[in-house]
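Next comes just one chain, in structure tokens: the form predicted alone.
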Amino acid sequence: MADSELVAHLMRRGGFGATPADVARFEAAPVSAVVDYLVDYDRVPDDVDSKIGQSAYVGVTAGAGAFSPDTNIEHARQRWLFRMVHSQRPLQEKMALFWHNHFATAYSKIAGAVGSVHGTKMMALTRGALPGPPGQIELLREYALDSFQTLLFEIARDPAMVVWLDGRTNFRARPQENFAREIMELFTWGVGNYTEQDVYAAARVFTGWNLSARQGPANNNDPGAYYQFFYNPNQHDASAKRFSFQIYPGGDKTIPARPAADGLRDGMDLIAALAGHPETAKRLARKLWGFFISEMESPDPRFVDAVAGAYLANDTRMKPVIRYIFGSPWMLDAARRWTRYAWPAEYVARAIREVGWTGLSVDSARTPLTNMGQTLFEPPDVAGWSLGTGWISTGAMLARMNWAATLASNQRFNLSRAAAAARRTPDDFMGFFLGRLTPAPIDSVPYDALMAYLAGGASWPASDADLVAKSAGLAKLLVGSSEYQFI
């Protein structure tokens, strides 16, 4: 059975923390019920965007104009945070965050090339909201648990990725190597598995994978205009491309010469070879260990082999892989709880879910997130963010503590009302907040310091004024504590 602590653990790893309703729903259910809820999210309507602007949910800030997350990147960042807080498909948002780091693409370069409106559309456009293909984050959501091969093919044709890795200039006479290198080095099997000649051959494979403008995108402020992927056979190198590794099941290492009109097949063949390679399976398994299991220890070779095996046995489909991970002994091991550093977006979303959001705008978290080291849609480079202890520095911890203070102060009256039944003693009060805010287990010294804070300057049972002050103060201390930085 999934006790309350296990439910909270699975919801932190597979989402952005468990609400009391989540715990009540699953604590008497088998573990498989929690896993099914997380993984089979396609059974749940994806209607969270329709809640934006409703009073029962965290707010957004539009500024002078209307809220327009499909054309304004700051609004898009707010929409994604809103989804993290409120989505009934938490694992979908969690996987989108994972893939966003894996296929790291930064808005600033995109906007510099095509303008802010088109840059936002390329990164965040909801399918069908405006003319043009869906934004990259929508692709990551839609294909989050699909086959990795399919996702990789979609990313190779994604307008944001084409701009980000300079595919617009990948022409027959002068192959552009950026995407060719990163698809091997970062997106699939990693350094040490390819040669420089492989990079050049792959660049030739993707010649002609360009962009075309539709409905006049020269006007960068026209939301009805757009760019889309365009395979240009006139710019494709139709000759054979030989690699140092196997491309086809029979062992052939050469993509054959074919008519330029059929040249898109070159890229599909290379993507299939890379996605289906055992080294790609193992590399993804190691990344999934760090994301879902632990950053405190190296990946267990048995885990890597088991996850890679599930990946290859299921034709690179991610849903069976993630289902296996969440039901695995490594995930369910109590010793591996609280063994991953919370990414800033995870930390903020979880804090809002646990502390509260009435009267709060997610816009208040945007600058703090940047100060913590993570601006959504703006990873620092093609390798993504520096994870684990890379999130923790003096400045980043100060930003987290300041955010905790801002949130706790904003929610002080809501917190005090919720804590009223626990006002009799400091022990009752502490018990209530540890149940609501779920930090990692607190050692005796910091615990005693927190209890001393509650006892100081207050009478117990707490007066109304003390209840408000101590609710905000304790929430600030807990959310800003080192124990709250782990999930």
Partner chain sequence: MKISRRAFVRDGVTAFTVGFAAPAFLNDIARAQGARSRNLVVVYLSGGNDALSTIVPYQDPFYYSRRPAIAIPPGQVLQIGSDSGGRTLGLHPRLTGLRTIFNEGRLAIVQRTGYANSSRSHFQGVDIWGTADPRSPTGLGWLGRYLDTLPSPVDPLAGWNATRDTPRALVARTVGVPAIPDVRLYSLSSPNTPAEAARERAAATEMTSYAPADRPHLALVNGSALSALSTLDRVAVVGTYAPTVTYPNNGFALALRTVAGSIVRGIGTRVYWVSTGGFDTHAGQGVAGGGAYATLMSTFGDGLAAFYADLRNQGLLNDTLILQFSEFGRRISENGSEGTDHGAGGVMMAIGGSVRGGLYGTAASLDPSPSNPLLENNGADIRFETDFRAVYARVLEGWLGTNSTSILGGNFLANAPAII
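For clarity, a rigid core is taken as the largest C-alpha set superposing within 1.5 Å between two forms. Note that the structure is predicted; figures quoted are calculated from it, not measured. Numbering follows the first chain given and starts at 1.
In what follows, reference is made to the form predicted in complex with its partner chain, a form of this protein that is not presented.
*Asks:* Which listed residue (P446, G431, G63, P30) meets the criterion of a heavy atom within 4.5 Å of its partner chain in the model of the complex?
*Replies:* In short, P446.
*Asks:* Let me know the one among Q88, T254, Q197, S212 whose heavy atoms come within 4.5 Å of its partner chain in the model of the complex, would you?
*Replies:* Result of the distance check: Q197.
*Asks:* Find out whether any non-hydrogen atom of Q176 is located within 4.5 angstroms of its partner chain in the model of the complex, and reply yes or no.
*Replies:* Yes, Q176 is a contact residue.
*Asks:* According to a 4.5 angstroms non-hydrogen atom cut-off, is L38 in contact with its partner chain in the model of the complex?
*Replies:* Flag for L38 set to no.
*Asks:* A469 versus its partner chain, in the model of the complex: is there a non-hydrogen atom within 4.5 Å?
*Replies:* Output for A469 is yes: heavy atoms within 4.5 Å of its partner chain.
*Asks:* Contact with its partner chain in the model of the complex for T169, defined as at least one heavy atom pair within 4.5 Å: yes or no?
*Replies:* Judged by the heavy-atom cut-off of 4.5 Å, T169 is in contact with its partner chain in the model of the complex.
*Asks:* Based on heavy atom distances of at most 4.5 Å to its partner chain in the model of the complex, which listed stretch, 146-154, 230-238, 129-137, 292-300, is the contact stretch?
*Replies:* The contacting stretch is 292-300.
*Asks:* Going through 466-487 from first to last, which residues have a non-hydrogen atom within 4.5 Å of its partner chain in the model of the complex?
*Replies:* Going through 466-487 in order - heavy atoms within 4.5 Å of its partner chain in the model of the complex - the hits are A469, K470, A472, G473, K476, L477, S481, S482, E483, Q485, F486.
*Asks:* 2 Å or more on the CA of V468 between the shown form and the other one, with the rigid core superposed, yes or no?
*Replies:* It does, since the V468 C-alpha is displaced 2 Å or more between the shown form and the other one after the core fit.
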